[in-house]
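One chain comes next, on its own, written as structure tokens: the form predicted alone.
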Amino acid sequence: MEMHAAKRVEIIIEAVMETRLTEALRGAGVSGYTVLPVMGGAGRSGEWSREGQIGRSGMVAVVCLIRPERLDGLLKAAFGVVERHIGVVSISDTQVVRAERF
């Protein structure tokens, strides 16, 4: 089976910023992403947990698989949202099957 190079971008951001981030990504031509709840973690501010929180508080992870040549546009759009809020952006090399979907 033939594999194709891609980039996996994971953006962890406050849940209340999800819509703003996904709109920015769509505006940059990103046609697909997955949003996952983040249950807890630890960082510069210490440990935190979603346990006991109500509503859209907490964090979400937005995951995108894209072609490498589209990475700069995605990052520019993402940083337009993330740079003013709590958030982490990570990028890794990956491979996909059916490259026409990305």
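Just so you know, these numbers come straight off a predicted model, no measurement behind them. All residue numbers refer to positions in the sequence shown, first residue = 1.
Absent from the display: the form predicted in complex with another copy of the chain. The rest refers to it.
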For this session: May I ask you to check whether residue 75 falls inside a 4.5 Å heavy atom distance of another copy of the chain in the predicted bound form?
Result: yes
Problem set entry | Close approach of residue 67 to another copy of the chain in the predicted bound form, 4.5 Å, heavy atom | no
Problem set entry | 4.5 angstroms heavy atom contact with another copy of the chain in the predicted bound form for residue 28 | no
Problem set entry | Those residues of 78-102 which, in the predicted bound form, come within 4.5 Å of another copy of the chain by heavy atom | 79, 82, 83, 85, 87, 88, 89, 90, 91, 92, 93, 94, 95, 96, 97, 98, 101, 102
